[in-house]
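A lone chain, given as structure tokens: the form predicted alone.
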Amino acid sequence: MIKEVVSVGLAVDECLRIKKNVLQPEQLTGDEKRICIVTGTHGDELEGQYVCYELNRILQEHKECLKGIVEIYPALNPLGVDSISRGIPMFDLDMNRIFPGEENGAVAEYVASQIIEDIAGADLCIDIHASNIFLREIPQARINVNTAQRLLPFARRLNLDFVWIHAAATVLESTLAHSLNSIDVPTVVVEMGVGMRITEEFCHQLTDGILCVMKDMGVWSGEAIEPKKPIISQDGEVGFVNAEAPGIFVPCVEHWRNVQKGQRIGRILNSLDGTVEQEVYAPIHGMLFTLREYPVVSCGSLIARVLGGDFE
């Protein structure tokens, strides 16, 4: 059942509409668990679109296995998705920096407030993001250390490779996830892939994990895999690599591979004079879980993240 979450009139007879698909058993008892799958907050993050398609397809093909309520929000920022813009076009805003919004505020703030109101009361929300066009990420959950005790059991079952528990100071209070967790809606942020692309392998991996969590919750009685056990890390175990010079970054290692401390992971090249501006080395021994996708870099651009430790 397609429902309208919020609708706002725009210039030239246009309209901003955010919609969701509500899937539920034909007969409700009133005790059903409710899970929300949201994505499209950033218009250039498309991995979640495929996950929404897959969930819709599977649940509608096996309606008899649906025991709870599943609400799928494929595009919280439909104008951004349509225009291939990360933020909200015309308003020049990052939507994930204006939650929980304001009912009597400007258009974007009003829309944000209506999204929060619509999701409120859910038993779980999974907030799906891709990376931007610059970086490639492995499938991972990112959760605040203050909510880790509550969210970690869900994150462990999502069939992801990695769970990154952030320090409280790094969590922005204006995000959808923080706002929902603050009103007692457990919300896990998933990040994977790269901006403006769809990595089918990652999408199928997460879809399997969502079905597993739904089965744990009693929302789904169909088939579900036994999810992989993710690596779980705190901030102190992650090494960051940033560019020290502008140029063209060319990696010499593969994403999601072990690297040794001091191992070269790429070079920053000067295409004007044919020189190497910087040899880029791993800061610690561990797993390369973030790697630069877009070659052009400036001073300070993030090149890679390495998860410290020994991994098979």
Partner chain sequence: MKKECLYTLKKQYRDDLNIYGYRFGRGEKAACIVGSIRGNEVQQLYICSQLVKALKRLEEKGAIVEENEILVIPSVNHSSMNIRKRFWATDNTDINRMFPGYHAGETTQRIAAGLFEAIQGYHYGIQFPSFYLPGDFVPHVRMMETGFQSHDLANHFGMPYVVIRQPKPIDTTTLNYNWQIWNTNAFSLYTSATDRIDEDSARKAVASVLRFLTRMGILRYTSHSGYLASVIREEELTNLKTGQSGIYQRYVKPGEEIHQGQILASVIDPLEGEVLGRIVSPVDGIIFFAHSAPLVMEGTIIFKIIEQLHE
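Because the structure is predicted, anything quoted here is derived from the model rather than measured. Positions refer to the first chain, counted from 1.
The next section is about a form of this same protein that is not shown, the form predicted together with its partner chain.
In the predicted complex, residue 105 approaches its partner chain with a heavy atom inside 4.5 Å. Proximity of residue 269 to its partner chain in the predicted complex falls within the 4.5 Å heavy atom cutoff. Looking at residue 5, you'd find every heavy atom of it more than 4.5 angstroms from its partner chain in the predicted complex. With a 4.5 Å cutoff on heavy atoms, residue 282 does not count as touching its partner chain in the predicted complex; it lies far away. The candidate stretches are 84 to 92, 155 to 163, 225 to 233, 211 to 219, and the one lying within 4.5 Å of its partner chain in the predicted complex by heavy atoms is 84 to 92.
Proximity to its partner chain in the predicted complex, defined as a heavy atom within 4.5 Å, holds among 65, 69, 58, 248 only for 248. Checked against its partner chain in the predicted complex, the candidates 242, 146, 182, 199 yield a single residue with a heavy atom inside 4.5 Å, and that residue is 242.
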